[in-house]
Each structure stands twice: as C-alpha cells, then as structure tokens.
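Given next, in structure tokens, is a single chain: the form predicted alone.
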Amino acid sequence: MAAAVHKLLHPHHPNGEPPPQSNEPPTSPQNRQDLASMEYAREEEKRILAHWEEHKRPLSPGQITEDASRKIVGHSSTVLRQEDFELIKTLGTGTFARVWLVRLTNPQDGDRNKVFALKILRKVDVIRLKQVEHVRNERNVLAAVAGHPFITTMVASFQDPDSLYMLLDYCPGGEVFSYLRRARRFNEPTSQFYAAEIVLILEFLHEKEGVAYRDLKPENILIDAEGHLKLVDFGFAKKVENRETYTLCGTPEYLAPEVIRNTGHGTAVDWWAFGILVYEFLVGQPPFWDQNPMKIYEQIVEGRVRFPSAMSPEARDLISGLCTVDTSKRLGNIKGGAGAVKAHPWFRHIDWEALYNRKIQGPIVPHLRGPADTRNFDEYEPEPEGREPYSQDMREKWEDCFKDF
C-alpha cells in the first residue's frame, strides 16, 4: 500500500523526480499520454486517500522514523489539487491560514462520510507575515511524525500556483480547551490520562526527532472520535536537536523563563509548558496570570508556583519539578529525559504501552452524529474577497522555498 502511494507521487520517474519538460506540442501523442498518466495517478491517489483510515494504526516510534517515503501518510503529492476536495465548513482560521472540513469531490459509493481537515495557506500571506520558515518547519515536522497515535496525521501535502495545502485527519471532538472550560477543571484521573498522552508526544518529538514543539496549550490539543488527544498546529515546531534557538514564540502564560530572558532555549521549554498545562487541567487556570503580559513574564521568571490546598502532594511535586527555572534541574530535561517523567509517582497507574497503542478508553468520548459532525467547532466569517495576488516577482523570489510541498 505504501509503495503504491510512493509510486503515485511522481508517476513518470522511478527515482522520485518529476518528468522532464517536453517540447512536444500540447496535442502530441506523447503529451496526451503524459496527461492521461497524470490523470490516472490523480484518481488512484484519491482512491487510496478515501481508504487510508482502513490502514490507520499507531506506528511504533521506530516505524515512524524508519523511512518516510514508505509510509502511507506524510507524503508530498504532485497530482492532488484543491478541486479534488469539496469544502464543507471552516473549522478554524489564523492570520495566514484557514482550516476546512472537506470530503473528496465525486466520492465513490460509501465514501461520502470520509472527511479530512484541509489547511490552506496562501503563499502571499505566508511571505508578507514572514512565516516561510515556520510553514516549512511545520510541513516537514508533520511529515516526519506522521503515524504517531497522538499527533495530528498529515496524510499528504500539495500546492498550486497560489496556495499551500496540508491534508490532515479530522478530529471531530474539538479542542480540549472547550471541555476544560465547561468542566471548570478536570479531576485527577482525567488529568493523568491526558497528561500521559502528552508525555508520549513529547518523548517522541524530543528523543526521536530532536523537535521542540514550543506552543503547548489546551487550544492546540484536539480530541478525536475515540476520546484520545491529537496535538495540532506545528507552526512553531522546530528541529533543534542539541542546539539552542532564540526565536520568541509561544503563548504568554506558557512561556518558559529562558524564552522570556532570551538566553537561548531547546526542548526543555516543552516540559515547562507541560507543567503549566497539568496545573491548568487540575485547577482550571494557569498558575501565572495577569491582564498585563509583562506582569505574567515577571511571575514566570520568578518561578514561584502557588498550589491550592486541595491538590495532591504527587501532583504538586510533578508540577514543581517541571516548572523549575533552572533547566539543568527541570524534570524531563534531567537524566532519564521523558523516562523520568513517566516514572514519577503521579503516573504510577499508567500502563504506558497500552496507552501508546490506544487500548485504554479515553475519559471523554465526544457524542457525534457522524464522521462529518462539526458541532464542536465555532462558526467563522467567510473569507474576504479581493486579496493581494501572488505576483510574478514574488514567485521568482520565493517559489523555491515551497518546493517541499
């Protein structure tokens, strides 16, 4: 199956390069054959996309990193186009992207309920907002991690002259943030379940991929149809490995002290944010908050977490270890890495292998009318008209940056 997808990426060339440009006239037999071959490849890829979930299973960390070109997911397609998808409803918008619920156009019998999330990024907006590197990072990280049970699956990416596209699995449960606000706070078993799935995400990103996620917060965690988490929005993710980076990015309440001080940061920022997240799960709000972001930053750099009396000693100890200003003493960043977090007493009831393989029932399973149910997503304004075109000058300067798509 994966080999079939691999052949479809570049149907004319065995080593994965596009076919050479032909000087033949458009109506020549050679060009007609090329067009027919491309059209066949396009229809075959759509057929495989319609059935990719039948092969969906958690890949082991080794299988995910083994050979991206052999995975059924995460590939760059030269044949898909926007018109291959029917846009059903906007699921979310950002400053330079819009995410749609989509289905394949003209679906085969029985495929009408097979839906995806399609993230559309207009090239002109990506360039104008200086997001080229972030978008490239996002696409490449998602390709590398496709197949992880708790990370949004990028099924494929593609582009056209004006836009970039990432075809993702659809998580109909919506944001964890919404459930947290409705419940005010999660009880300890619910918090432990979600926190444990996030530990498995961070363990994989840091120790297998050398990637810092850098934007961990409830709004970036969705719940899928079975009640498991899916981490989304990898716009700030960056492969740092053992180096340090200096870009200020993230959400104020979740920023680590080293990001605020601009002293250089690595994957340890995610363990700090994870501590803030566990606190917010249990309490209902993050430990450092003020209407003035500068006051938030002062509290973070001071690093004094105040715990409510009802919080268990194990939870306090875990959060204190994670929210340690000194990165050399921060849990998750000390010897043992994620293993030290998994061994913490707060997680003593977690069966890590069963959890990774999605064999444990999620605490919140969304009530859905069907695979295309969008009740857990807000309504959005339609896209504005008359936007700036992607000019020839822009194309000549930037198009090479998007070749990975």
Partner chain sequence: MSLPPDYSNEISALNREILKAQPSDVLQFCANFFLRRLESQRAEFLLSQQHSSQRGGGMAESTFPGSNPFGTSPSGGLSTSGMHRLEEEEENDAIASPTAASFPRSDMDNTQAHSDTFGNFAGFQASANRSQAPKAQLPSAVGGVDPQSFPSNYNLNRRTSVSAESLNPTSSLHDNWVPPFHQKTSEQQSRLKAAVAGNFLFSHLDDEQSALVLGALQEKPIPTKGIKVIQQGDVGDYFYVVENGNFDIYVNKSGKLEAGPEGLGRKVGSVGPGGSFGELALMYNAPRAATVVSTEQSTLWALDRVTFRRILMDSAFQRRRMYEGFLEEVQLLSSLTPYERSKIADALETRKYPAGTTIIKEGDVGESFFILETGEAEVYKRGNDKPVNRYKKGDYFGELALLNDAPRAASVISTTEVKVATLGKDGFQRLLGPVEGIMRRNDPSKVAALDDGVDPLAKAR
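Being a predicted model, the structure only gives us computed values, none of them experimental. Residue numbers count along the first chain shown, from 1.
Not pictured, yet referred to below: the form predicted together with the partner chain.
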### Task
Look at the stretches 250-258, 160-168, 108-116, 197-205 and give the one with heavy atoms within 4.5 Å of the partner chain in the predicted bound form.
250-258
### Query
Looking in the predicted bound form, any heavy atom of residue 363 within 4.5 Å of the partner chain?
yes
### Task
Answer for residue 285 alone: is it within 4.5 Å of the partner chain in the predicted bound form, judged on heavy atom distances?
yes
#### Entry: in the predicted bound form, residue 122 touching the partner chain (heavy atom, 4.5 Å)
no
### Task
Give a yes or no for residue 303: in the predicted bound form, does one of its heavy atoms lie within 4.5 Å of a heavy atom belonging to the partner chain?
no
### Task
Could you tell me if all three of 230, 347 and 352 have a heavy atom no more than 4.5 Å from the partner chain in the predicted bound form?
no
